[in-house]
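Only one chain is given next, in structure tokens, and it is the form predicted alone.
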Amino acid sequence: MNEISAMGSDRAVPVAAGEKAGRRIKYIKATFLDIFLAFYSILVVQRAIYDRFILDLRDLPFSWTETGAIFILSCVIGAWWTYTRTSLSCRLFGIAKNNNVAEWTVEIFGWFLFDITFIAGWITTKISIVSLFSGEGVQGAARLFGALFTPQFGILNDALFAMIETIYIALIATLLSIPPALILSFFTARNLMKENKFTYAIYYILRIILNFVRSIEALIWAIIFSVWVGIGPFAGMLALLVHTIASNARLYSEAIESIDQGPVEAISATGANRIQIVWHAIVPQIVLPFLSYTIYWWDINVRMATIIGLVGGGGIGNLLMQYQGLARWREVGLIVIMIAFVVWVMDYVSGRIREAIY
């Protein structure tokens, strides 16, 4: 009996030690988050006051001394918040005090954080209701909308050709993105790459690269490729291709990570190799999501193709930029109507296809 008790106590020690270590980690995370929230709150309030009452925020010189003092003050406040366990971070990590005072403190700070963020955003964006409804501005908008809704059909032939070019730019970019995105998706799916450290390292490296590529909008890629290969539809297609590969690889990998593990375990039990497991247990489960994501992204690419034309990516956006620069608003009105109609048709068709797939 004593041996059993001893064994039980020996097993309880690591559990207690593990819980203590986990709680310590939670305190560390909460402290860092509290410091960040305190730094953010003080900095936002300070910059909002400067921008509203002293000088334009863009004219405010950066001071290491001032920022350092704010950071030190934030460290003190953040550490005190965590120590007293009355902060939003402590509630988030499950270490907050369970009393009415702590709950009220968290709620008050949460609302304070939201309010200062909203107020700072309002000041920074320089929202002006007066400017929006000024007589001169309303008259100018009326003239503009009047021209837009009386389109000039003399450029219909050029606009149709540019619109067809836009659709094909999106289509080719989407189709060419499928093979590389499909291959990358298997190497960026956590459930397939967590078996050993080497594959896990590949997973993280590819994820970082794809996240970086996806974070750069197609508009920026269009500028890069316009310099690289010249202005035209080829640059626009390459821009959409790069962005679509990174985006679809992420969507495909998430579909792989959410598969049912039952078929995988069943086929693995038969002694099948890695490729056979993927082909027979994983691929059948992800075909429909892959098709749905691809069709959905083609719909997105049609919309994006109209925008990248503004920076030399070809298509209807290029034509729109030309007439907008010349202030020929009736021609712009025709182009806008065509873009809206094509986007609406593409959205309807892609939606119906996705419904049919499922």
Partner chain sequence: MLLTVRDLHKTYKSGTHALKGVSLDVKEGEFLVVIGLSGSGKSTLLRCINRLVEPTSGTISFLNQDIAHLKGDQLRKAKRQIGMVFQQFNLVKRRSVLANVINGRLGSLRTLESIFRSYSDGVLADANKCLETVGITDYANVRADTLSGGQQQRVAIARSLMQNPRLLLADEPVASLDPATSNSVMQYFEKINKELGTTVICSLHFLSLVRRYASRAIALKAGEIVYEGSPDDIDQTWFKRIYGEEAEEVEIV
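Quick caveat, the model's predicted, so the values are computed rather than measured. Numbering follows the first chain given and starts at 1.
Not pictured, yet referred to below: the form predicted together with the partner chain.
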Study note, to complete from the structure: Note: exactly one of P179, G140, G154, G262 sits with a heavy atom within 4.5 Å of the partner chain in the model of the complex, namely G262
Exercise for review: Find the only residue in T270, T199, N191, T84 having a heavy atom within 4.5 Å of the partner chain in the model of the complex.
Suggested key: T270
Review point. Could you tell me if T117 has a non-hydrogen atom within 4.5 Å of the partner chain in the model of the complex?
Key: no
Review point. Is there a non-hydrogen atom of L144 within 4.5 angstroms of a non-hydrogen atom of the partner chain in the model of the complex?
Key: no
Review point. Taking heavy atoms and a 4.5 Å cut-off, does I275 contact the partner chain in the model of the complex?
Key: yes
Review point. Given that the partner is absent here, does W279 sit within 4.5 Å of the partner chain in the model of the complex, heavy atoms only?
Key: yes
Exercise for review: Determine which one of 279-287, 169-177, 206-214, 129-137 lies within 4.5 Å of the partner chain in the model of the complex, judging by heavy atom distances; exactly one does.
Suggested key: 279-287
